[in-house]
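Take a look at this one chain, the form predicted alone, written out in structure tokens.
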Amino acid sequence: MTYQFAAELAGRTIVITGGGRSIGREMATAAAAAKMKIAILEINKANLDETVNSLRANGADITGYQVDLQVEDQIINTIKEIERDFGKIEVFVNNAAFHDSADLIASSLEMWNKTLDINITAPFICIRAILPGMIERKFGAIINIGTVNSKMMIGSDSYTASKAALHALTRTVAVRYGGHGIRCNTIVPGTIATEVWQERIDRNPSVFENLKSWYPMGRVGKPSDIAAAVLYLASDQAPWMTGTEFVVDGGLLAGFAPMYPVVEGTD
């Protein structure tokens, strides 16, 4: 995808959690195209190195940090290191996520806690760590990656609950710190075709084809759909957008595409 981005993004520092693969890697790629300074947080060393080396080879100003988002001290120390390395953090994207597909009865407490640790506790720790610098500079854009699951029941129970909490955290930050020039928004993706789906693809190779009928746009999403939204919310083109849920879902939440022909009797 050829990105269109605001000129003022050039030189701004963006931090992306889970930036070593999938949507996070595409966000970093888009940020590099916008000439931003990029820091990515990733637990998997191989994914981290591959993304950093690939983007650097194309001229990106990018640094990778290996960090376990379940460990508070690692998060805090990494944020401090990024602030030393880059001087400031202007855009922060809470993208990293853990997905457990088990239903409630089948969910272990261990998996429930891991899901909440990565999907809501880690963003809380990250935001708490970056806020002082943003408050001091009177500027900051925080972007949390939510999900349509938080708006309706489509499975993945613990993941859904954790992401709904992230949506609420967005509103809290937006209201409490808006007076300091800080914007906080949630991007709400629908189904995005990435390698994260591989286990489900192995069970059902037609899963994306089967899901297409639920999307009025006739397809599932691509990582670039979300990366483009990140660039917009990070820019000065969205100066009055805060506390919102920026839905990027191909129309899924607008209505159930397979249902209305049945209701109208045209199917």
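Throughout, we count residues from 1 along the sequence that is shown. Please read all numbers here as calculations on a predicted model, not as lab measurements.
Keep in mind the form predicted in complex with a small molecule is missing from the figure; the text below concerns it.
For Asn95, a non-hydrogen atom is located within 4.5 Å of the small molecule in the model of the complex, even though that partner is not displayed. Within 4.5 Å of some heavy atom of the small molecule in the model of the complex lies at least one heavy atom of Val67. In the model of the complex, the small molecule sits within 4.5 Å of a heavy atom of Ile192. Although the partner is absent here, Lys163 is a contact residue: one of its heavy atoms lies within 4.5 angstroms of the small molecule in the model of the complex.
The partner is absent here, but in the model of the complex a heavy atom of Ile43, alone among Ala228, Ile43, Ala34, Val52, sits within 4.5 Å of the small molecule. Remark: of stretches 127 to 135, 145 to 153, 104 to 112, 77 to 85, the one touching the small molecule in the model of the complex is 145 to 153 (heavy atom within 4.5 Å).
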